[in-house]
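Before any questions on binding or motion, here is one chain by itself as structure tokens, the form predicted on its own.
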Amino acid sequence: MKHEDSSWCCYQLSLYRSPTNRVGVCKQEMLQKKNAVLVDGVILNGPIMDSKAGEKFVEDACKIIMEEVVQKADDITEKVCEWQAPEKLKQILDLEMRDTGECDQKVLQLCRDVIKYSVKTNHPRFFNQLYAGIDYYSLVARFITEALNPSVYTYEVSPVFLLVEEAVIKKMIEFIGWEEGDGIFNPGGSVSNMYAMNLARYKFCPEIKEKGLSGLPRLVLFASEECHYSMKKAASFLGIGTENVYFIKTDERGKMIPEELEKQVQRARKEGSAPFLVCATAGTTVLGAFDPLDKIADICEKHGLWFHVDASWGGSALISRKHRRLLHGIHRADSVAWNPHKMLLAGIQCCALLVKDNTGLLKKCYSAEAAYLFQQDKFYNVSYDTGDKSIQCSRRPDAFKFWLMWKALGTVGLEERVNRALALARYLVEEIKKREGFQLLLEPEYANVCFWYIPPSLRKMEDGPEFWQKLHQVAPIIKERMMKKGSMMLGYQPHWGKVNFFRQVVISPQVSREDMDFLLDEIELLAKDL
């Protein structure tokens, strides 16, 4: 009886791949050979992986990636997402892991399913987050690093990627405006902010590294009301305490008010606390606001406080000669967080903490001097073993994708991306002003365009609590409809007493003027019955 269907093939192969059958067959074959070595029931002769089969699987999988991801990245006829409820998606994907392995044919189908039901962040109409789009050079760099599987801590195991990171950090430091400095790539801007907070505390009281928190005064830090939530998380994680984060009032545009910062610093001193850090934000998450860095730097210098700038989102404006004015004064910062995976499309994740100090402060703060990694009697210059500056041991070569992309596009190409994104944001703002039912929250200064859509049924309603209560319900309904349709993805949120509004973010170079028009048309279409 012949069985030619794929399920039978998978069954037969799974029998061979099962721990008992496969090992049993291998044992018999290997033991028949001369000099077979058996230890604890395990044959040690020869490899147990079929390299040719593995290479074929990689080749087939790469073909799927090309066809279903890369080639469809800029296809607006494709869905942004194929929405499924969690319980149904669990059934579709068959998430259970079993004792016996699946055949390659079934695993490749799983790859197709994973791609199908994942959100297409490369799609020109994915506007949901502060990252989007595809950069082909960065993508190839990620393929390379995934294939090589390096860890960036010592020169002996990662010579190329350590030199690349050094070169990228040096270039980023130049754009900040420092003559020298130091830095490290981290898994996310949140981690960079935590690094900076801990580094500032170490500078303030170096003995904390060995003696811990006992005996220290009450440490206080300052950040704006619009700062990233990672500041609270870092304060909690480091044992500083969230109550010791003083949130400074912001103006109507979301910028920190320097006079309020001065008041809070003086208040902390009167309370007997020890202020040590101010965190300014260059490009807030929701409104895209840039704090007045020069004025904040004046206060930090006056009171001897570490000045950190969270430029995770807005840092890439430094690449643009036209828009770098948004970060005027950043050269006075002691540390900067900057995420090239956002506006510059370097691919998640690509995040650097940059430090003005060049005396080894970063290494002094974080080093543990592991003797099995950082031997001082190696045959090469051990100053290239930079891993001890990190809280991680294993660390990904995230700088490489930024470097390869930068090499391919040049600074001019990166600058063009920033300028185009902000020009498209300006175009959208002007179109919003022309259309009935759309209302800007405020005039943006970056790529964050925040607005309400007021459906026909609410346009003649009096401005009052009932109006705002009903408007609050509009954005979630439109968001649900767009996701279930798969036409686009756009974020919404309430913010500081304001009811739900949309936040549209322009990043991807695949985005065009037509996509801006589509966004507004689609919102009107999805909400026509509201």
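No experiment lies behind these values; they were computed from the predicted model shown. One-based numbering along the sequence shown.
Omitted here: the form predicted in complex with a further copy of the same chain. The next part is about that form.
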For the three residues 205, 352 and 358, verify that every one has a non-hydrogen atom within 4.5 Å of a further copy of the same chain in the predicted bound form; reply yes or no.
-> no
Go through 302, 459, 270, 98 and name the one with a heavy atom inside 4.5 Å of a further copy of the same chain in the predicted bound form.
-> 98
Work out which of 365, 176, 200, 326 lies within 4.5 Å of a further copy of the same chain in the predicted bound form, going by heavy atoms.
-> 365
is_contact(residue 266, a further copy of the same chain) in the predicted bound form, heavy atom dist at most 4.5 Å | no
Taking heavy atoms only, is residue 238 within 4.5 angstroms of a further copy of the same chain in the predicted bound form?
-> yes
Is there a non-hydrogen atom of residue 254 within 4.5 angstroms of a non-hydrogen atom of a further copy of the same chain in the predicted bound form?
-> no
Using heavy atoms and a 4.5 Å limit, would one call residue 465 a contact residue for a further copy of the same chain in the predicted bound form?
-> no
Only one of 420-428, 449-457, 436-444, 257-265 has residues with a heavy atom within 4.5 Å of a further copy of the same chain in the predicted bound form, and that stretch is 420-428
Judged by heavy atom distances of 4.5 Å or less, which residues of 325-358 approach a further copy of the same chain in the predicted bound form?
-> 341, 347, 348, 349
